[in-house]
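Here we start with a single chain on its own, the form predicted on its own, put down as structure tokens.
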């Protein structure tokens, strides 16, 4: 069961990393407060089930919509501020959100908020049920992100990431696509928060603090920003490290910070980014393998003709 719980925690971070990758990786908008929307989704779901008596499955879309709407407001803010100023703004949003959760009695204040385990076919959902649900969502989200990459939305976001002025000059509605990216990314974070709240059965404001935002950002930077494979890989690596090095748990953020500095200095594309060393080596090996297969097929065809 320990392995299942670890798998659930890593799966939750994969979902969060993929959602942030839409904002930062695809659209190039710096966001250092993603945990705030994770928390908004978690508290929305917790209040709907614990205080209002709604069904768990109804809280999932409601949490996504709530976080997405607030994320759209952040998208509007991003139209006025850019780069470092936007990053600082998202940090502020994270601190304000945590403070609201921590000092508002309706949200449980510093005591936190209890949540009951949801029911599935009349039985309480166990860890294995949550693991299956999360894996299914990861697969769907990866397919969704792949669809974005191949669509006009992905091309527009890529143009905004590279150069907003150039994108606007060729007719891309920069403002609209920025808001779309923030809305989608934060809505997915809110959906993940709803699952997290019901899996943990108890949430605190500290669960969604600034350090969580840094952890999520570290995953996409280390893995390879703007790619699905890199984002998933980064989330798995940084999700497993705390379990392997529990004796260093007090120094986790120091480790994350050190990894970020090293990656930005020596491998800014991440481990599996499009232009990273490892990815270039992999593509080279794959190309040689395909070439060898083609040569062997050609020899076989020539021999049969002879």
Partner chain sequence: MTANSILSVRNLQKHFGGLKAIDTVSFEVNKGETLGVIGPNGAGKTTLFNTICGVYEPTAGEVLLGTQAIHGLKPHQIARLGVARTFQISHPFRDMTVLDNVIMAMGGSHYTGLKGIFSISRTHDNISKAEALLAKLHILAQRDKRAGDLSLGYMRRLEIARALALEPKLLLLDEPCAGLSHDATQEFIDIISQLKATGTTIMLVEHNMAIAMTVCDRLVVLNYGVKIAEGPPAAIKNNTLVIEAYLGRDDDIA
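Numbering follows the first chain given and starts at 1. These numbers come from a predicted model, not from an experiment.
What follows is about the form predicted together with the partner chain, which we do not show.
> Out of 166-174, 186-194, 201-209, 67-75, where are the residues with a heavy atom within 4.5 Å of the partner chain in the predicted complex?
This holds for exactly one stretch, 166-174.
> Please determine whether each residue of 47, 57 and 60 possesses a non-hydrogen atom within 4.5 angstroms of the partner chain in the predicted complex.
The answer is no; none of 47, 57 and 60 reaches the partner chain.
> So in the predicted complex, does residue 155 come within 4.5 Å of the partner chain, heavy atom to heavy atom?
Because a heavy atom of residue 155 falls inside 4.5 Å of the partner chain in the predicted complex, the answer is yes.
> I'd like to check something about residue 118: if you look in the predicted complex, is any of its heavy atoms closer than or equal to 4.5 Å to a heavy atom of the partner chain?
Residue 118 lies outside the contact set for the partner chain.
> Residue 142 versus the partner chain, in the predicted complex: is there a non-hydrogen atom within 4.5 Å?
No - in the predicted complex, heavy atoms of residue 142 and the partner chain never come within 4.5 Å of each other.
> Taking the partner chain as it sits in the predicted complex, is residue 161 in contact with it (heavy atom to heavy atom, 4.5 Å or less)?
Residue 161: contacts the partner chain in the predicted complex.
> Heavy atom within 4.5 Å of the partner chain in the predicted complex: which of 87, 131, 148, 138?
Only one option qualifies, and that one is 148.
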